[in-house]
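The chain below stands alone, shown as structure tokens; this is the form predicted alone.
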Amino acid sequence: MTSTTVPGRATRRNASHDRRRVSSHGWKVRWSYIYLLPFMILVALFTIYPIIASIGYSFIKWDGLTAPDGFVGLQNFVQIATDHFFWLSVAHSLWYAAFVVPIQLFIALILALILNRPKFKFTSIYRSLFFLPAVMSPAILAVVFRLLISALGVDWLGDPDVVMWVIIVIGIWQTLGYNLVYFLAGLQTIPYELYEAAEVDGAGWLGRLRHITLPGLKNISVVILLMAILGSLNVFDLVMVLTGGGPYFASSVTNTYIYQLAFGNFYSGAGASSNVEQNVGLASAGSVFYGIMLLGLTLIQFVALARIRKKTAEQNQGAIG
């Protein structure tokens, strides 16, 4: 006696199996949102809400302690845009980024090339040593450097002509490890067979660097560059603990300017002095204004990345064709 397959029963069995698969997938999706829920709550509380609240505060006059004095419209933004000290702090931030970023990236690239060599020994130790300052709190490093500079018997942090250079040097050293790791990650994506083939063809170190290494790092270098620029323009804790923006406003960057607007006890600059009262509304307007400037840089980042990817894709298609 032979068994026969009933088409209707098989169809129902397959349909039931499909429903179980769909139901199982649906629960997996739901559980993934549940796992993400604590993170989403924290982001909403400590990132999204402060941004929205800052935009709201920027239209009122408020000292942060008593009841708000009322809606002032765009008055806070006008006051920020016409404040000489705001633009001076922006200039200091740009100055810091203009020196820290190129010097730091150059040193990080050279170190990455050295540490990426297969014959170089104890690379893990050197990588850890260079990355160590990056994992330490900038505030702690600033305290340590204040003590070191004080122990040298010099007043570099009190000299308006020197203080910014001291901060730049410390900033280069403190964040060098991040870019070193990024460059090392980029170098390890380049196939080693390309270097071996180039050596067989007689290419020297400079030739391999020019025709293999630098083109291979092109995409990640753009990302590293733009991240370094944005990170440098957001410097705060290092400057705040080292100098508080002084002396005579000589090291005030935009974030320390906004902080001092929010909490008062403001500056006394050479040729001009002012004791600004605590004004959360004005500080919020400054932070929104500066945030819009950084948002512009971020948009430039997306445009630059899109163009590079498009150009790379066209070059690859041309090479295949």
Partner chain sequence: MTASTLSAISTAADQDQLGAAAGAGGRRSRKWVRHLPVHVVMAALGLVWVYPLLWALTSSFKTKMDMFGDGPSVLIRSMPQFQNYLDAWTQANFGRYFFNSVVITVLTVVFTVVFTAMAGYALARTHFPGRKVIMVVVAITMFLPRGYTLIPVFDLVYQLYLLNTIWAVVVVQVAGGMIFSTFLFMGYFMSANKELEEAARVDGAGFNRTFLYVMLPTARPMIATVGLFSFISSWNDFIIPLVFTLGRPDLRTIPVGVAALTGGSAGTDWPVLCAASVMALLPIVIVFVVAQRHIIDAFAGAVKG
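Only the largest set of C-alpha atoms that superpose within 1.5 Å between the two forms is called the rigid core. Everything numeric here is computed off the predicted structure, so don't read it as measured data. Positions refer to the first chain, counted from 1.
This next part talks about the form predicted together with the partner chain, which is not shown.
> Taking 55, 173 and 220 together, does each of them reach the partner chain in the predicted bound form with some heavy atom inside 4.5 Å?
The answer is yes: all three residues contact the partner (heavy atom, 4.5 Å cut-off).
> I'd like to check something about residue 287: if you look in the predicted bound form, is any of its heavy atoms closer than or equal to 4.5 Å to a heavy atom of the partner chain?
Contact with the partner chain, yes.
> So in the predicted bound form, does residue 117 come within 4.5 Å of the partner chain, heavy atom to heavy atom?
Yes, residue 117 lies within 4.5 Å of the partner chain in the predicted bound form.
> Under a 4.5 Å heavy atom criterion, is residue 59 part of the interface with the partner chain in the predicted bound form?
It does not: once the partner chain is placed as it appears in the predicted bound form, residue 59 has no heavy atom within 4.5 Å of it.
> Using heavy atoms and a 4.5 Å limit, would one call residue 298 a contact residue for the partner chain in the predicted bound form?
Answer yes; at least one heavy atom of residue 298 falls within 4.5 Å of the partner chain in the predicted bound form.
> Name the stretch, out of 93 to 101, 158 to 166, 195 to 203, 245 to 253, where some heavy atom lies within 4.5 Å of the partner chain in the predicted bound form.
That would be 195 to 203.
> For the stretch 230 to 255, I need every residue with any heavy atom inside 4.5 Å of the partner chain in the predicted bound form, listed N to C.
The stretch touches the partner through 230, 234, 236, 237, 240, 241.
> Is residue 148 among the residues whose Cα moves by 2 Å or more between the shown form and the other one after superposition of the rigid core?
It does not, since the residue 148 C-alpha is displaced less than 2 Å between the shown form and the other one after the core fit.
> Quick check: residue 161 between the shown form and the other one - does its CA shift reach 2 Å or more after fitting the rigid core?
Stays below the 2 Å threshold, so no.
> Quick check: residue 200 between the shown form and the other one - does its CA shift reach 2 Å or more after fitting the rigid core?
For residue 200, whose C-alpha is compared between the shown form and the other one after core superposition, the shift is 2 Å or more.
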